[in-house]
Each structure stands twice: as structure tokens, then as C-alpha cells.
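What follows is a single chain, given as C-alpha cells, in the form predicted on its own.
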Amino acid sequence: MSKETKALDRNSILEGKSPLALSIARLRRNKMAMVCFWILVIYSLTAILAGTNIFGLQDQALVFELQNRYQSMFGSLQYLFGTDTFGRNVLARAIMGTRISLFLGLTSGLIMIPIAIVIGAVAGYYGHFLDDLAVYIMSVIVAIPGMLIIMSLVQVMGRSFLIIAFAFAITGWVGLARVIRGAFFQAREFEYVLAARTLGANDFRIIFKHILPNIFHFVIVRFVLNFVSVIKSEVFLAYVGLSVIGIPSWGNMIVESKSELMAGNWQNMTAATIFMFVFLVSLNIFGDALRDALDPKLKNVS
């Protein structure tokens, strides 16, 4: 069977399906993206597993066992990544760090995205005074270094991962809001928007039913970039001593490894780096493929 015949058969199968079904079909044809998807699923299940204390993960990650300190990596199945200076299981701590990283990324994203969508959509769709006000607010936030705002909020409101996620969201919504604002400036003059307005559709329906689904791939891209930025910034907060002390996270593990590297103990650094690298690479690849699958301009691309 020729390539042209296969393409025609594929198009005939996909004809009549919803835009979401077409996007899923395009995403499933990307094998690398699906591999990364299942890696992210494993990370998510691992994070859920860490919260239940099954197999005693929390006890192994938190309880001091000085008689087992500095067990070598890959020396036994019980201590696959070895132990740290207090005899804690490094693999268990890395798994606990997965839970913290997913919590920070998801929570900050869930706070950031609604703020950015509402402000960007209102500014881009209505313009005039509302646009001037939104641009002024965004300019003020951008004028202040984001990490300085985050550090100030953590110092004032207290050290908890919820406060850290909130601080990341407050500084991270501006970039997405600007993108949505520009997209709405263009989209409000498109034919399908003018047609919907002529047929009597109200502004709420036009914004959230007609325009927003066509630019949602921008939201996906920004969400992925924010997720990556949050995880890397948590490492910096841990380095300057503003992360939550006593709870395993990838940032805390990397900071704790400073005193271990001089003695030739790489357990904490290796485990945190491997877990972080695999997760961030998988997230970037899958997020990029998901953006392409949701982009309406690519709906006819095989």
C-alpha cells in the first residue's frame, strides 16, 4: 500500500472526529512523546506512593540510622542509591523529592494560569483602559526581580511549600498574560469571532468558547516552562536557606551534598540530579509535543 493510500485511509478515519480527538490522535503518533508521557506517569505514581508511606518510604527518608551511613551506590537492593551522612536512604529521599517537586509545579501552575488567562484575555479583548491597567500592573511586577519577590514573600509569610508555590505563581503569570493579550488582540478581528458576534454571542462565550481554545497551546508551553523554572528555583531557594528545612526535596538533597562531596560521597548529588534530569527532559519533550497536537494550525499535518 502506497503512502498516499495510507494517508487517505487515515484522513477518512479521522474525518468527523472532534478537535480534541484529532489532537489526541496526533499526539499518539509521536512515539517519543508517548515514552515521555509514561515516564511522567511513573513519576506521578511515585509521588502518590511517597505520600502513603508504603514500604516505609517516609521512615527510610527521615529516620537517622547512623550505623548505615555512607552506604555505597548500587551496593544492595535496599540502598540502591546508597545512604547519606545520617544513614538515610537516598533513593527514598529522592522519591520524596519527586512529590515535593510535583506539588510545587502543579500548585503554582494552577494558581498562575487562571490569573494570566483572565487578565490577558480581558486586556486583549477589550483594550483601552483595561489594557492600560493590565500593562501597568505587569510592568510593575516585571520591574522587580522575580527571585527577590519570591524570597521576600517566603520570609514574610513563612516557609512552607504552599507559600513557595504561591510566590512562584505571583511572579510567573506575567509572561503568559502577555502572550494571551497579544493573541487576543489578533483573534478579536478574525472572521470566526466577527461571525459569532454577529450571531449574538456574548463576550464571555466569545472569549472562552471561541478564542481561548484556539490559543490554548500557548498556555501549555508556558505551563511547562513554569514547571521547569519552579523546580530549578527551588534548588536555589534551598541553597540560600529559604526552602523548608527537614523535608526531603531535590534542592535540599543537592545542598546537603556540599558537605559530602569533599569526602567523595556522591549519593545525594547523583540521585537528585538523575531524578531531576529525567523528569525535566521528559516534561519538555511531552509538553512540546502536546503544544503541537493542540495547535489548530497544525490540524492537517500528518
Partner chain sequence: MINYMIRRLLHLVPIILGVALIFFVIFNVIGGQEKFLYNVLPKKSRTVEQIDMYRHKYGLDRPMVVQYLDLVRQMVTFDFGRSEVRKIPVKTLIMRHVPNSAKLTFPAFFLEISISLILASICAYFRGSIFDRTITIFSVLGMSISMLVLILLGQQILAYQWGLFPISGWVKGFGAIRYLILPWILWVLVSVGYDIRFFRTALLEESHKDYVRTARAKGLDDKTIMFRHIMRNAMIPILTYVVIQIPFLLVGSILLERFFSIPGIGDLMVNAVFNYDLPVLKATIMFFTLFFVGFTLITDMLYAFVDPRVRLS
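Computed from a predicted structure; not experimentally measured. Residue numbers count along the first chain shown, from 1.
Here the subject shifts to the form predicted together with the partner chain, a form of this protein not shown in this document.
Not displayed here, the partner chain is kept clear of I24 by more than 4.5 Å at the level of heavy atoms in the predicted complex. The shortest heavy atom separation between F37 and the partner chain in the predicted complex exceeds 4.5 Å. Looking at L110, you'd find every heavy atom of it more than 4.5 angstroms from the partner chain in the predicted complex. Interface membership of L45, defined by any non-hydrogen atom within 4.5 Å of the partner chain in the predicted complex, is ruled out.
Candidate site formed by L104, V179 and F185: none of these residues places a non-hydrogen atom within 4.5 angstroms of the partner chain in the predicted complex.
Listed residues A50, A33, M276, V244 were compared with the partner chain in the predicted complex; M276 is the one with a heavy atom within 4.5 Å. Shown without its partner, the chain has I149, M151, S152, L153, Q155, V156, M157 in segment 149-188 as residues with a non-hydrogen atom within 4.5 angstroms of the partner chain in the predicted complex.
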